[in-house]
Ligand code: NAD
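One chain comes next, on its own, written as structure tokens: the form predicted alone.
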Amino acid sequence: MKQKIINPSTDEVITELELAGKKEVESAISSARVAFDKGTWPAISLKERKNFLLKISQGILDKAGDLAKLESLNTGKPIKESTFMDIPSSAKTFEFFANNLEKYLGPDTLKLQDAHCQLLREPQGVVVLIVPWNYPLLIASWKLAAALACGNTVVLKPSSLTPLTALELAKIIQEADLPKGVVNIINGSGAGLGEALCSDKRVDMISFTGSNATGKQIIEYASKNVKKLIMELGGKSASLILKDADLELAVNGSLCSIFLNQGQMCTAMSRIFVKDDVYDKFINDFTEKVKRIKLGDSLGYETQMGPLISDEQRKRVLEYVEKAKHQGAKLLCGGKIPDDPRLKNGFFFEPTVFSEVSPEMGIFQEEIFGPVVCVNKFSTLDEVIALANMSDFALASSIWTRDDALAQDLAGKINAGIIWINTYGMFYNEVPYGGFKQSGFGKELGKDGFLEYTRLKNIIIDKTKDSKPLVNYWYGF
């Protein structure tokens, strides 16, 4: 069966690809299992493993221009974003884990009473990596670089909407001469392949990034055979703008925090709370700049915001907007499909700002995954902390203030896995990323994210006098 891959800027077919079925899933899992159990990959030296990852990193850089164009063509994200963010960051992730794997995987020996304990980090085994459509190459790189660096073999399933850069990555991996079966990439729908991939007892671990609903389904599938899980799920993140904030900085940062990648980010600051003293100034400046955001074809270098991923996604966003208007939220700008004839064929939607949004409204509580933001005012710190935490999600938050001590105090009271102070979206390979509550569990990136892809073995060596611990003679006197 073939699936058409669509350019969301034009609704034109880029290409048609065969969709994998259960036969291909069986082949991929079997190949990864054999490569782990009988192949050379888990046993090669760490230096060799490092060199393989560096080859992949360089391969991404060598094809950076083509990959950026392909990513924008397939996802609709502006070419500036894919060129300066997604592609180089993908290469950097492979480089980072390559250069740190020896340090992270080194054995640790503890001296205990009458014993020495050696802690060893070993690969989990066969790891299934399931990647979303909003950052196809970057999130694939986060997962794949760490999994391979730890010595695992993998089955990577990109979104069937945006598989093109993952398939190019497969070519780069092949050119790097990784052993056969170490990396297996299959293109297919989650509905068609999810249960077969996630319930198989030959799979030792699943790392998933995507929606909360799909995450719950994967947990159900995985429960049929116990295995390690990383669940990076949705968000409904809150941005807090205090009275003393640098408003120019806060306005510009807030624009990026919700309209980057058309708002199709799990960390999108879709709820902005502004101190009542500065609310009018903030909302006037913010909405004026929102109205000037340039929509356009994803391959245009002047484009600031591209289309949504699909017509289905646009309909979903529009339903949220109409419901919010019906419930009494005040629409300040946007909220509709643009009438520019140059955009008529793509899945474009105007950047949208609401005010006077109450906590019981859907746009306050539910992840829209589009360019829609609620901007509300607050009076006290206790009030804004309560509002920020009034969500089932707990992924990220931004705090804007010149008072560093206050920012640190607030960061400790906000229920979120990532807190940015006077900025948004700064991801570093050195530090972990992940949320709490319905935003999932487990980490990506950093040492903590790296070690998620390992299992910890404890080896205890007797060091009692004359090698005669009491337990060996408990029944022997």
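Start at 1 with the first residue shown and count on from there. Source: prediction; values computed, not measured.
FYI, the form predicted together with the named molecule isn't displayed, but the following is about it.
Stretch-level contact check against the named molecule in the predicted complex with heavy atoms at 4.5 Å: of 242-250, 212-220, 101-109, 347-355, the positive one is 212-220. In the predicted complex, none of the heavy atoms of Gly370 sits within 4.5 Å of a heavy atom of the named molecule.
Within 4.5 Å of any heavy atom of the named molecule in the predicted complex lies no heavy atom of Ser270. Looking at Val131, you'd find a heavy atom of it within 4.5 angstroms of the named molecule in the predicted complex. The shortest heavy atom separation between Tyr433 and the named molecule in the predicted complex is within 4.5 Å. In summary, among the residues Ala147, Val274, Ala238, Leu395, the only one with a non-hydrogen atom within 4.5 Å of the named molecule in the predicted complex is Leu395.
Residue Gly190 is the only one of Gly181, Pro88, Gly125, Gly190 with a heavy atom lying within 4.5 Å of the named molecule in the predicted complex. Using a 4.5 Å heavy atom cutoff, Lys157, Phe208 and Leu233 all lie near the named molecule in the predicted complex.
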